[in-house]
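Let's start with one chain on its own, the form predicted alone, as C-alpha cells.
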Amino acid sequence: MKGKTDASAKGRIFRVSGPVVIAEGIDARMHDLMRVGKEQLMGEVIQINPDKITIQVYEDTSGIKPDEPVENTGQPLIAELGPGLLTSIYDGIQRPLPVLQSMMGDYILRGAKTPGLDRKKKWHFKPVVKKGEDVKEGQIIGTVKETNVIEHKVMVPPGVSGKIKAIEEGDFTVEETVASLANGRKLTMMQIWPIRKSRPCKEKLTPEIPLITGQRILDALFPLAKGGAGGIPGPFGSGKTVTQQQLAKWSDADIVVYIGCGERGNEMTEVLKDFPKLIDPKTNRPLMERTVLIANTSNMPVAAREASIYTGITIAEYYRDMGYDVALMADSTSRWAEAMREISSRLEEMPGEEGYPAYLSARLAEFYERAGRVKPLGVAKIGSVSIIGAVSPPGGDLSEPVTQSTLRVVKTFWALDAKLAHRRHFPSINWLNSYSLYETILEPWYTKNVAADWKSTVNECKKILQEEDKLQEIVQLVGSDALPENEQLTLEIARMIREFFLQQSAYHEVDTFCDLRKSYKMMKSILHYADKARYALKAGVHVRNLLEIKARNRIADAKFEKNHEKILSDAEQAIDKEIESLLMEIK
C-alpha cells in the first residue's frame, strides 16, 4: 500500500470460510486488492475490524490454511482500459480466457496472473492534437484502428490536464508513452480505473432517444431509451438468451458488452460459441469486432460474479466516454444476488427477505444507476450506456426479492413468460406484465421520426390486448360463441395483433429485424381491418362473415417480405373490397 511499511502491508490468515478469508496483522482500506495465501490468490477487503480484516477471494480457496501470508497491494480492484478490449473474452476479474487456456489448458489454475490488455501487441497511433496545445481531462489526443468497424479514441485520463510537450505518430504498445505533457506527465494508450467507481462525465442528459432493437414488441409497446435501464426476467427455457442475442445483434448501439454472470456452463458455452460466429448485419463483419464478452459461469468462484458486473460496466463507461452508444447485457443479476447472499451468510450478517442481504436493493440500484446518456469530459459527441439486466427468478416467481428490487430501479420491464414459450410464441414477452416508463419522454422522437399518431396507434393495440385478457375468463367458462358479436370481433383483432405483429422469428432472414416504419404500418393495417369490421358489424353484417375475410391474413405475410409496403397496401384494399361486398349483400 502506498505510504505503508512492509510490516503493515503484510499479515497472516486467521480463518477461512469458503470464499471469505479473515486476516490479522495487516492494515487495509475498504476494497483494497489483496494477495491471499502462498499462491497469492486475488481478493478484496469487504469488512474492517479493529484487529482483523475480512477478504472475499475471487478464486477457489480449497487447501488454504491459517497462518499463510496475506499481502496488501495498496490498490483497489481495477480494469485495464485501452485498445484490445473489443473481440476479447474475459473472466470476472478481466483475465483473458483464451490466454489462460493457452497457458494452462481447459482448467484455470489458482493464482493465475495475466494482464487484461496485451502488453506486446503494437497499435498504430495517429495524433489529433499538436505539440504546444493545451489538453484537458477526457480530451481525445489520438486514434487507433481497434477493429475494422470501431475507431478507438485515446483520451487524456480523468483528473489530468496540461500542455502537450511531445506527441508523435507511430506503432506503440499500450504501456509505451505516446505523448508527454509539460508538467512531466506521460500519457499511454492504457488507462487504469477502479471498477467500483463510476467514471466522471460533464453532464448527465435526459434519455430521450430510443434504443431501437428491431424487435416489434419492444420498440412499439415497451421501448427502452438510449442511456436507460431495463430488466428482462424469465424462468429457464423462456428465451432470455435468444432475446439478449437479438438485442446484441440488432440494437443500434455502437458497442456491446455481454456479461455472463453465474450462468450455467452449457448456456455460457453456447454464447461463447455463437457470438464469435454472429455476423453484424450493419457491417457484414463478425459481431465480435464491436463486442466484449465477460464469462463467469456458475461453477466459478461466487465472489468473482460481483467483480464481473463491475468490470463490465466500467468497460462500457470507457467507450461511452469516447462518444459511443454502448449496450450492456448482464445475464443474470440473480446469480450475482445469490453470490451476495452466500458471502453475507458467511459474514454472519442479519439476513433480509429470503436470506438475501439487507443491502441487495442498494447494490442493484448502484449498478443500474451507472446507465445514462451523457456529455463526456472533453468530447463533443454524446455517449450512452444502456443496461439490460436479465433476472432468473426461481420458478418464474416475479414476486421474489431480486425481481422486485430490479423493478424499483429500472424503467423498462420485459417480463418473459414460460407459458408463451411453451405455446411457441416468441419473443415470449408477456404484454400484460411488461411496461416502459420511457414512453412519454420518447413520444416527441417517435412523432417526429416515425408518425404523428404513433402513440395513439400503440395505445389502441394495447387497449385491445387488455380487453382480450378480460374476456378470456368468460371464454374459458362458456366459449367464445356465447359472447356478444362485438366482443367476438375484439378477440379476433387481439389474435391478429398477437400472431401477426407480436410474434417474431429470430431465425428468419427478414423477420429477425423490423424497422419502426414497418412496425407502424403493420399496426395501422390491423387497426384498419378493426375499424372497417366494427363499422360493418354496426351496419348489420354478421360477425362470422367478418371473421372469414381472407385478405386480412395477408398482413401476416408482410413480416417475411422486404416489399412490405405493397403487401400491406394491397391487403387493406382487399379488406375494403370484401367488407364492401358484405355490406352490399345486406342492403
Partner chain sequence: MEMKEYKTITRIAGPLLFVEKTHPVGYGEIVKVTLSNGEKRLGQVLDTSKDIVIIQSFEGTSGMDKKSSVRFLGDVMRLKVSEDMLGRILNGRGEPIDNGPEIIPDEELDINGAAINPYARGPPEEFIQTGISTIDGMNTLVRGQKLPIFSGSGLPHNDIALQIARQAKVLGEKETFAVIFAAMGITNEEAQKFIRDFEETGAIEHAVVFLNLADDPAVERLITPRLALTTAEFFAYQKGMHVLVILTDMTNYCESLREISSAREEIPGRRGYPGYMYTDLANIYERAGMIKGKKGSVTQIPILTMIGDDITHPIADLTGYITEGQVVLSRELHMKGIYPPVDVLPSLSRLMNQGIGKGKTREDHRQVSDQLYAGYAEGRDLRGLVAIVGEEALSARDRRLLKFAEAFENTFVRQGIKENRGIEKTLDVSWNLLSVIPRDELTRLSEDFKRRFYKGEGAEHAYVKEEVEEKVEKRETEKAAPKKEIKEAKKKAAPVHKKHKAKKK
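What we label the rigid core is the largest C-alpha set whose atoms superpose within 1.5 Å from one form to the other. What you see is a predicted model, and the numbers here were worked out from it, not measured in a lab. Numbering follows the first chain given and starts at 1.
As for the form predicted together with the partner chain, it is not shown, yet the points below apply to it.
- Listed stretches are 190 to 198, 69 to 77, 422 to 430, 317 to 325; the contact stretch with the partner chain in the predicted bound form is 422 to 430, by a heavy atom cutoff of 4.5 Å.
- Remark: none of the three candidate residues (153, 385 and 537) comes within 4.5 Å of the partner chain in the predicted bound form, counting heavy atoms only.
- The closest heavy atom approach of residue 33 to the partner chain in the predicted bound form falls outside 4.5 Å.
- At the 4.5 Å threshold, heavy atoms of residue 306 stay clear of the partner chain in the predicted bound form, well away from it.
- In the predicted bound form, the partner chain sits beyond 4.5 Å of every heavy atom of residue 289.
- In the predicted bound form, the partner chain sits beyond 4.5 Å of every heavy atom of residue 232.
- Taking 349, 208, 176, 515 one by one, only a single residue has any non-hydrogen atom within 4.5 Å of the partner chain in the predicted bound form, and it is 349.
- Only one of 394, 170, 162, 157 lies close to the partner chain in the predicted bound form, with a heavy atom inside 4.5 Å, and it is 394.
- Contacts of stretch 327 to 344 with the partner chain in the predicted bound form, defined by any heavy atom lying within 4.5 Å, are made by 335, 338, 341, 342, listed in sequence order.
- With a cut-off of 2 Å and the rigid core superposed, residue 561 has a Cα displacement that reaches or exceeds the cut-off between the shown form and the other one.
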